[in-house]
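Starting off, we have a lone chain in the form predicted alone, written out as structure tokens.
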Amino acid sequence: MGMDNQAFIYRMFSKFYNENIDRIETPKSIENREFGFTIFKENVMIRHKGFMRAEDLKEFIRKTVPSNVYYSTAYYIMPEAKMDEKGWLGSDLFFDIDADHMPTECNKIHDTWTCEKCGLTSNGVTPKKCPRCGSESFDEKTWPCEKCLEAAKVETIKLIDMLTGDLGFSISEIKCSFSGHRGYHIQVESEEILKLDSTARKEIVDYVTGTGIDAIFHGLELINYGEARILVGPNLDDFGWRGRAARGTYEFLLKATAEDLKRLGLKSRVINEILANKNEILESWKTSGPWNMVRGLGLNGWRKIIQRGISLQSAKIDTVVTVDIHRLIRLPGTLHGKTGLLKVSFPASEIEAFDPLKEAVAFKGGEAKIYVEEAPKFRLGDEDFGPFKKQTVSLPLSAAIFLLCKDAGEVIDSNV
């Protein structure tokens, strides 16, 4: 990023914090939280900071103008001490849902990665290791688009549904926010979970991701019925994963093509039978379910189909984040250094209608002239911009800052 770009973004962030410092949300028990910041110039992380009062935190942000602001999900006796001397008191339960971890249709188009060692570059989700030289460090360019954000929202809705429906949290204990980039954060502040260690949190992770859930333990079994043996399975309205497994199976069969069924390793005769009787199979759930309707489809075949249904019902979260009881997370009401968008929190009950690309726009008014190297089409607020390639454009400030934060261009001139 050119120095001029950085100086410009710094100036805009500074102006924003001066005018909107009260949009910053102070976490509860601020005096027990650790804070971290990335600073524009050195791009280094300052952490192990503590603040006694909201005013002190806001003053620090106004003075230093960080590119990113984080706080700990954990509560400590001494937040400023070294890690092993902080005195851990407990942590909120935190989930991160990010389009970066989901292979969506669109990221093949607009996301690219380049190996920092050998320069190999390609589209889509970044691999763990470079297929050419085995290096693990990449330069990534990811873009938030409607489809990615919609995919992340669907997963977030599934997660909220599990937290309230299965795990018994009330919707008022669940805090929801848009990360300012491509995902959502869910936080549960509740006495019950405060003291849970990493292992216990791993159990919660396994539950919401459907890890280790097998139809055999959730209602699918062969029972002797007089002389015959019949197959029984879970119902759509069963509780917990039984119902979820059934609903996922229904959802899968509703849309399944021959290709989808073939991928599960089913024989073509069985596949044809399923497709020919699709309507009857879907209807049968109103009575005893479809388990004995398809000739040649027994316990193992159904088990494979239900497994696919389970994966559709599971929530795709970044599992590492939830298990880490010392995690730093972005502070709501602060700007995201890679987009210039806000991290915005909202009641979990409003997730369906929430529009991140509208609610998270921080910079209103003003415009800037920038040279754009390359950028896909994107929306901010009610306007669409791009695609751009090697061209100079005048844009509203929010769109210009977005592209500059993404390192996709150079600032030429602005009226701010």
Partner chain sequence: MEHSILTLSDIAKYPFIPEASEYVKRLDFRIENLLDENYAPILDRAEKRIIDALTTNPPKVSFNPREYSEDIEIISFPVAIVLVSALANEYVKKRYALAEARRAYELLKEESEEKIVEVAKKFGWRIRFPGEKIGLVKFDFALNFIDYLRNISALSHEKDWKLVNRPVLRGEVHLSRHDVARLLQEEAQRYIEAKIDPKARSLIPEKIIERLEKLRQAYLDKMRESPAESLASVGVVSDAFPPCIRQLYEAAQSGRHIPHVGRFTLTSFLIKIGMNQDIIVDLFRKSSDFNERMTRYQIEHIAGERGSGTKYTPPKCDTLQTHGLCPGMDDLCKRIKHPLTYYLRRTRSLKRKAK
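Worth saying up front: this structure is predicted, and the values here are computed from it rather than measured. Residue numbers count along the first chain shown, from 1.
Heads up, the form predicted together with the partner chain isn't pictured, but that's what we're talking about next.
The partner chain in the predicted bound form: contacting segment from 277 to 285, 253 to 261, 238 to 246, 144 to 152, heavy atom within 4.5 Å
Contact criterion met by 238 to 246 only.
With the cut-off set at 4.5 Å between non-hydrogen atoms, does G87 touch the partner chain in the predicted bound form?
No, G87 stays farther than 4.5 Å from the partner chain in the predicted bound form.
Heavy atom of A228 within 4.5 Å of the partner chain in the predicted bound form
No, A228 stays farther than 4.5 Å from the partner chain in the predicted bound form.
Do E116 and the partner chain come within 4.5 Å of each other in the predicted bound form, heavy atoms counted?
Taking the distances in the predicted bound form, the answer for E116 is no, it never comes within 4.5 Å of the partner chain.
If we define contact as a non-hydrogen atom of the residue within 4.5 angstroms of the partner, is G168 a contact of the partner chain in the predicted bound form?
Yes, contact at 4.5 Å.
Candidate site E192, I204 and G210: all three near the partner chain in the predicted bound form by heavy atom within 4.5 Å
Each of the three qualifies.
One residue of D139, D318, E80, E221 in contact with the partner chain, assessed in the predicted bound form (non-hydrogen atom, 4.5 angstroms):
It is E221 that has a heavy atom within 4.5 Å of the partner.
Considering non-hydrogen atoms and a 4.5 Å limit, which listed residue (C130, V125, V270, L196) is close to the partner chain in the predicted bound form?
When the partner chain is considered in the predicted bound form, the option within 4.5 Å is L196.
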